[in-house]
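First, one chain by itself in structure tokens, the form predicted on its own.
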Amino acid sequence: MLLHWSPRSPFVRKVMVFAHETGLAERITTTRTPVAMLKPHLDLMAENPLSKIPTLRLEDGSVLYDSYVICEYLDTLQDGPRLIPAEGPARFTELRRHALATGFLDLLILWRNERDRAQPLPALMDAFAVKTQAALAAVEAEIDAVPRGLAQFTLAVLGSYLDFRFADLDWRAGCPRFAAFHAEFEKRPSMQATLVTEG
């Protein structure tokens, strides 16, 4: 399988952490595919018209995109217990927690884009700050109850992305449980193999 990849994308990292945690990383070849909001990647668009990563080309030539879809596919290939529950309340709790984590990442990326504009819109910057504090509080409230699985991996990636792009937020100060979780999970081989770089 071939994964369109970037060393700085938290969504790509989520897929790669999932692949390492399920023992599937060696089946994935990565290819560096830079994407930008203002510059569509025309070659990538032949496989993903949205010009977004991660995009995964399967062994039969078919293509999957969106990090959640790719992770759910990988979950069907592994031999261990499913990391995305197949049914019942456990499935919807997992999906809700994943939605919180991935939606938080979306918010941070939009915030970063606005922050980097020549003239950021003050009202929008304030809204991002308010939403971020609310999202951090929600993560802190239930991080200890999140089992090993997609949501947990995404929350670990979220903590690292906060460090990488928003070090000035000092998010750990108000989130001791989330901070403790992240410090421990960051030691895992899956996280060490997918460290964020400036490259």
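All figures in this text were calculated on a predicted structure; none of them were measured in a lab. Quick note: we count residues from 1 along the sequence shown, nothing fancier.
Keep in mind the form predicted together with a further copy of the same chain is missing from the figure; the text below concerns it.
- Taken together, the three residues I28, G149 and A179 all stay farther than 4.5 Å from a further copy of the same chain in the predicted complex, as judged by their closest heavy atom.
- Interface residue among I53, I143, L64, L158 relative to a further copy of the same chain in the predicted complex, by the heavy atom within 4.5 Å criterion: L64.
- At least one heavy atom of K131 is located within 4.5 Å of a further copy of the same chain in the predicted complex.
- a further copy of the same chain in the predicted complex comes within 4.5 Å of no heavy atom belonging to L83.
- The closest heavy atom approach of P40 to a further copy of the same chain in the predicted complex falls within 4.5 Å.
- Among heavy atoms of R112, none comes within 4.5 Å of a further copy of the same chain in the predicted complex.
- In the predicted complex, R91, F92, L95, R96, A99, L100, G103, F104, L107, L110 are the residues of 87 to 111 with at least one heavy atom within 4.5 Å of a further copy of the same chain, listed from first to last.
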